[in-house]
Each structure stands twice: as structure tokens, then as C-alpha cells.
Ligand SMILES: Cc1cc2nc3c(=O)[nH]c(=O)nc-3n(C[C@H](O)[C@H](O)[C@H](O)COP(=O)(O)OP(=O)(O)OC[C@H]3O[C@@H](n4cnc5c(N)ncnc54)[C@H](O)[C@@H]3O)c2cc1C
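Only one chain comes next, encoded as C-alpha cells, the form predicted alone.
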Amino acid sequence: MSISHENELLLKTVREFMDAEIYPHEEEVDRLGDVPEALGRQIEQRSIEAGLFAANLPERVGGGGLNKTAMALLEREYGKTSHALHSWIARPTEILLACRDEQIDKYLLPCVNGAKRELFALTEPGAGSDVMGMKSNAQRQGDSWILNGSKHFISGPCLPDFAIVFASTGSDDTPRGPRKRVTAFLVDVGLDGFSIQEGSRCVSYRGYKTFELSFDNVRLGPNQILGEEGKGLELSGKWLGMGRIWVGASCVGKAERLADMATDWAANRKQFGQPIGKFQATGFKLADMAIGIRTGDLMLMDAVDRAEKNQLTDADAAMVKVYCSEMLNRVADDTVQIFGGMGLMEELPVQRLWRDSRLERIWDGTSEIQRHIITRSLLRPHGA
């Protein structure tokens, strides 16, 4: 992949930061199942000093102003390590750019400078990937809204200051029948009726937290709507599309790290008088890894190019997400196989990367959901 001089300098900065601030803590965080608060804040502060914090947001709001090509390279490098650690280098949710008037000073700018953290709260216990199945709702009461419902599997590195919560505010008639009108709300932690707690612990990315949110008659003012009433899905769609591209980039990076480990092991581990990489059973696995990583990179950069030209479709993003996440899982599994029993021993990082890889086929939309999106894009032009 061709990289500009500016992006080569960016990668040098990121790699030096990872070597100094991230990689040394991987084993400890995985063992503890937690990122100590002091360590997280240290990563946060040093990423601000390095100019990496909020790199995805435009310079006009104080962000790093990186374009999508540069962000793809960044996310690819971050993907080589644990989400529990690199998530402290915040990339605030880009839909916060929809903030207006006093929302800018209260929500957007504090997330850019590190004073606040947000959560993106869409998924619900009974709905999962079925957004239209959400039960969270907000009823208008005078100038206010009364929010009720719950969210789960809402992930973040630490307890947030506020959540971007999606709730139904009514329904619209469409040619396909009634459709929920979904609105995004900015909901501050600490409001009466809003409770938040840590949820289940995951074996992937140990130390990266999930939260459970519940809302019991939470009163919200008109200035707590993000964007327009009823336009929440359009807002979330803008973020989710690129979010799936970043997942793809992360997967390619992690696959490359695993393949490097597998290649080194296959070149130096000897059986029957020769390196095991010379046996076709092992060597062909390495070849397939190289093909998969190269293909993932090509798909990734093609999607980024489409996004830069405002031509990215939901199907484009879905293809990147499903291919790269499944390619990573093949690479991770083959790496464990090449290492043999040692691949599952806690003394080596292979088993950790293998566990972490499994989640990528689930979050940000499962592989099945991605294939549904792709199928729909193929059939709809034919009226099906």
C-alpha cells in the first residue's frame, strides 16, 4: 500500500507511542482484567501531548483533523493491541459534530480536549442488531421529553460523563408500513432516573468495559436532542458506516501482528530436522495469511477512497467488516495451530490475540447482519 511522506511520519509517531505507552502494559491488563485508572489517564494525557487524541475530528473544533486515509492507518496500528488500552486514546463519536449552540461547549469541545467522555448507546437487551426493535422511548411533555428504557453492551474505557442515547419518539407511515421515528438524546450521567453500571465481563479485550444503562422517567430538555427529532438513525448511520471500516482496519493490523508471530515461529521452530515452515501444512497457512492481509488492505483502502469521495455505501462498509473480521479469525486460529500447544499457553501473547479476535465478528454488527446488508443491496434494485 502506497503511503505519503506525511503519513509515514504519522505512523512513526504512532508506533513510537505504542512501543512506549501501550505494548508494555498488555500482559498486566489482560491478567488483571482491568486498566488501572492511573494508567488509563496516563495514556490519555500522553496521547494529548503527542497530538493523537481526538485525531479523527476536524481542526475547527480542536481535533487533529486527520483525513480518512490517515485514520485508517492509525486504526490499523491500534488494532495490533488491546482495545482496553488504545481506547484511552479517544476518537470521540463523530456524530457529536451535530452539536449546536450551547451543546458545543457542554458536550463536543470537552470530548475533544479530554475533559469529558461519552458513550454511544444504541443496543438493547431484547433487540441487539434489530434497531427497529428498540423499546426505549421518549414521550413529549410540554417542552421536555420523558425518557424510559434500557441499553446494554454499551462499551467504553471508563465511566462516561454522558451518553448519546437513541430512543423512539413516535412512528411514521412508510410504503413498507409504520416505522419508528428514532431520536438521539444527550443524557448526562447523574440525572434523576438515569442509572449506569458496569455490565458483564468479556473474555475478549479484558479490561475494556461494557455498561448497562436504564432510564426511569428521565426528564430531558429540548436542548438535549442531538441533531433533529426523528433523525437519529441518519446520524447513527453516518457513524456506523465508518465505524465498520475502522473495525476492518483494526482487524488487518491484528492479523499482521499474528502473521508476523507465526512466520517467526515457523522459521525457527524445528521438527524432523527442518523449520516447520518448510512443511506445506504450515507454509501454506502462512501463504494464506499473506493473501488475506493483502486483500484486507486493498478492500480497506478502496472503501476509504470511496468514503473520501462521499461514495461509500452501507454494502461497501459491510463487505470490509465481514471480510476483515473473518480473515482475522482464520489468521488467529492458524497462528494457534502453528504454535501448537504453546499457542494456548498464557506465557505467550498468541492466546490473548486469539481471544480478542473473536469479538470482531460480533460487535458493530455481526457477520450475519453484514451479509444481510450486502444481500439487500443486491436484491433491492431488482425489486426484491
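Quick note: we count residues from 1 along the sequence shown, nothing fancier. These numbers come from a predicted model, not from an experiment.
What comes next is about the form predicted in complex with this ligand, which does not appear here.
- Among the residues 95, 146, 134, 202, the one placing a heavy atom within 4.5 Å of this ligand in the model of the complex is 202.
- Taking 169, 155, 282, 103 one by one, only a single residue has any non-hydrogen atom within 4.5 Å of this ligand in the model of the complex, and it is 155.
- Residues with any non-hydrogen atom within 4.5 angstroms of this ligand in the model of the complex fall in just one of 113-121, 284-292, 169-177, 191-199: 113-121.
- This ligand in the model of the complex comes within 4.5 Å of no heavy atom belonging to residue 15.
- Looking at residue 210, you'd find a heavy atom of it within 4.5 angstroms of this ligand in the model of the complex.
- Although the partner is absent here, residue 350 sits far enough away that none of its heavy atoms falls within 4.5 Å of this ligand in the model of the complex.
- This ligand in the model of the complex is approached by residue 359, whose closest heavy atom lies within 4.5 angstroms of it.
- Taken together, the three residues 337, 339 and 342 lack any non-hydrogen atom within 4.5 angstroms of this ligand in the model of the complex.
- Along 357-375, a non-hydrogen atom within 4.5 Å of this ligand in the model of the complex is carried by 359, 362, 363, 364, 365, 366, 368, 369, 372, in order along the sequence.
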